[in-house]
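The form predicted alone is given below as one chain in structure tokens.
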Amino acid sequence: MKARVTVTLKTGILDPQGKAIEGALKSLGVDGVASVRQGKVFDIELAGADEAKAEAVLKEAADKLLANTVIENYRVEIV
């Protein structure tokens, strides 16, 4: 089974890397960029077929390792 965990900064948390990307896009001539927020994506393959168990395991992994829940949100998707 395949899953994706997407980690993004919470609203209101400054994103200097996103600002740097935004500036680089503008300097490359990419028009219409209003703002950029940077995040992380983890594509994970799991053994087994129990989606509910997989989601619970991945939420625990995100809470403990993949995301800093003080400043980041995460979303778990079974794909």
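Residues carry their position along the shown sequence, with the first being 1. All of these numbers come straight from a predicted model, not from anything done at the bench.
One more form of this protein should be noted, the form predicted together with a further copy of the same chain, which is absent from this view; the next part is about it.
**Student:** My question is simply whether residue 25 lines the interface with a further copy of the same chain in the predicted complex - judged by any non-hydrogen atom within 4.5 Å.
**Tutor:** Because a heavy atom of residue 25 falls inside 4.5 Å of a further copy of the same chain in the predicted complex, the answer is yes.
**Student:** Can residue 43 be called a contact residue for a further copy of the same chain in the predicted complex at 4.5 Å between heavy atoms?
**Tutor:** Result yes; residue 43 sits at the interface with a further copy of the same chain in the predicted complex.
**Student:** Even though the partner isn't displayed, in the predicted complex is residue 47 close enough to a further copy of the same chain, meaning a heavy atom within 4.5 Å?
**Tutor:** Close contact exists here: in the predicted complex, residue 47 approaches a further copy of the same chain to within 4.5 Å, heavy atoms only.
**Student:** Residue-level question: is residue 52 within 4.5 Å of a further copy of the same chain in the predicted complex, judged on heavy atoms?
**Tutor:** So residue 52 does not count as contacting a further copy of the same chain.
**Student:** Which residues, if any, of 20 to 51 lie within 4.5 Å of a further copy of the same chain in the predicted complex when only heavy atoms count?
**Tutor:** Heavy-atom contacts within 4.5 Å come from 21, 24, 25, 28, 29, 30, 31, 32, 33, 34, 35, 36, 37, 38, 39, 40, 41, 42, 43, 44, 45, 46, 47.
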